[in-house]
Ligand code: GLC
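Here you get one chain, nothing else, as C-alpha cells; it is the form predicted on its own.
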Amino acid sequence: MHIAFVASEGVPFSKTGGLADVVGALPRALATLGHQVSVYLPRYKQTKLADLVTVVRSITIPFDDKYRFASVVTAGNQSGIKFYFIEYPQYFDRDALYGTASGDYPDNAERFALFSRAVLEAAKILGVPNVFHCHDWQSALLPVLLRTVYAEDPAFRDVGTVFTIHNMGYQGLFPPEVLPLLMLPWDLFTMSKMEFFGQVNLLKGAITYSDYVTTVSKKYSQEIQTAEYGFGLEGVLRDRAGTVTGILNGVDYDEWSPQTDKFTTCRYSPQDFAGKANCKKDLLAGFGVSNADARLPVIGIVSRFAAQKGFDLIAQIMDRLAHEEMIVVALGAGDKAYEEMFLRLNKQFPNKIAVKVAYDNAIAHKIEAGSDMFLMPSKYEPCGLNQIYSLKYGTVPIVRATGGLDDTIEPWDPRTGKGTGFKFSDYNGEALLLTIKQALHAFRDQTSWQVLMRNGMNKDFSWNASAREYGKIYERVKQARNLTPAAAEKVLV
C-alpha cells in the first residue's frame, strides 16, 4: 500500500519536538513491513539537502489576493522512503518553523494552507497514495480540502485520510476572514465543521473530515474525549469515538541505547552496569557538581520548562527536595520563571541542584545515561519519549499517571520484583514529593534497585508493533473508501 505522510517537520530535516521524531521513524518501520511510503515536508531554512533535484517546477496555489507558485524538490530516497519538500521561500525560508519569541508568524494559516494544497497537486504528478497520513494542525487542511474543494476530483476518489493528533493544545485557530483568503467555502464556518467560538479551527476541521483519527497513546485517546484534556474539542471527538484510537509512539533504539550511544563516555547493558557509574561521574562533572558523593542518586530532567510539563509542581517542592539526599540535574528552556527558579536553586545549592538553560542533544543523552532516575510530572503528556528512553538506560522514571506516561510505566512493587518505575495520579506538589521520596527510599536497596533497572531495560518500545497497528488502520480506511457510507462505518469502527 502507498502511504503519504504530510507533516510540518521530520528528522533529520527539521525539528521542534516529538512530531519530527515520529515522522522520521514511523515511515521507515512501515517500509520494513512492505509499504510504499512518501513523506511531504516544507523546505525550511534549516532543511539541509544534498543532491537536490526539482521534481515539480511549478504548482499554482490560488489565494483570494493573488496566485502563489510553489515547487517540489527531493533529495532522493532514504531508507526506502521518498522525501519531497514543498519549496516556497517567501513562507518557509525563515529562521524558525512556526514563529519567533514574540509569537506565531501572523501568516501561518497561509503558509500551511499553501503547503497542504501543494501536496495534493504534487501527488497527482508524483503518485497518488492510497492513504494520506496527516499530522497536527499544520497539515489539517489536507483532509478538509479533499472532502470539499477536491471532492469531485477523480484523482482522489478512492484516497483515504488518517489524521494523528500529537498534542490537543495546539489547534490552529484563526479569524473567520481566513476562509475566503484561503479560497475555502463559507459553509465550513459552522459548529458542525470548523467554527470554534467565533474562530476557524483547523484541527477541528481535520477531526471532522478525516476517515480515521489517531493519537499517540491509548490513555491520551481517552483523555482528550474529556473536558479536562479536550481543549474544547472533546465533544467533536466523542461524536467520532468509534474512529478515534491511540497507538503508542515507538522510539529509535539505534539512537537511544546505552549499548551503542555515541554521546556517552561509557557503554553498558542489562548484564553489566559498570559503565553507568562512569556515565554518572561524567554527567556530574559536565554540570560542575564537584566532590559529589557517588552513592547519592541523581534525578535527571530534560524538558521544556513549562507548566504543562509539571514545572508548577516542581516549583512547589524544590526547596524541600533540595534538602533530601539526592542531586538534580536539569536541561531545558522555556518559561522565564522556571529558568530563574533553577538558576536560583543552583546558586543556593550548587552541589545539589545543577542546570543548563538550553537544549543540547548530546547533553540529553548524557543525562539519560548518567542519571539514576528521570522526572516527568506532566499535567498532560500525549505520549512522551524520554520516559521510554530512560527505561532503556536503566534510569528509573518518576512520572504522573497521564497519557503515554501511564501507558508505558508500571508501578514498582518490591515484594514481587515487578514494575518499571514510580507514578502518582493527583496533580499536586505533595503527591509528587511523596513519590520522589518513595523512589529515593527504594534506591537504598541496590540489589532490588538493579532488578527494577533491568525490568525497564528489557522492555521493547521499538516502532515495529506500532507500525503494524497503523498498517491495520490504513487497510480499513482503504477498504472503506470503496463502500457506501453506512457500510464504510461498519468497517472503520
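Just count from 1 along the sequence shown to find any residue number. Everything numeric in this text was worked out from a predicted model, so none of it was measured.
Although not depicted, the form predicted in complex with alpha-D-glucopyranose (GLC) is the subject of the following passage.
Proximity to alpha-D-glucopyranose (GLC) in the predicted bound form, taken as a non-hydrogen atom within 4.5 angstroms, holds for one residue of 391, 383, 314, 207, which is 383. Though alpha-D-glucopyranose (GLC) is absent from this view, in the predicted bound form it lies within 4.5 Å of a heavy atom of just one residue from 418, 344, 304, 281, which is 304. Looking at residue 78, you'd find every heavy atom of it more than 4.5 angstroms from alpha-D-glucopyranose (GLC) in the predicted bound form. Although the partner is absent here, residue 216 sits close enough that one of its heavy atoms falls within 4.5 Å of alpha-D-glucopyranose (GLC) in the predicted bound form. The shortest heavy atom separation between residue 19 and alpha-D-glucopyranose (GLC) in the predicted bound form is within 4.5 Å.
Heavy atoms of residue 308 reach within 4.5 Å of alpha-D-glucopyranose (GLC) in the predicted bound form, making it an interface residue. With alpha-D-glucopyranose (GLC) left out of view, the stretch that reaches within 4.5 Å of it through heavy atoms in the predicted bound form is, among 90-98, 345-353, 238-246, 160-168, 160-168.
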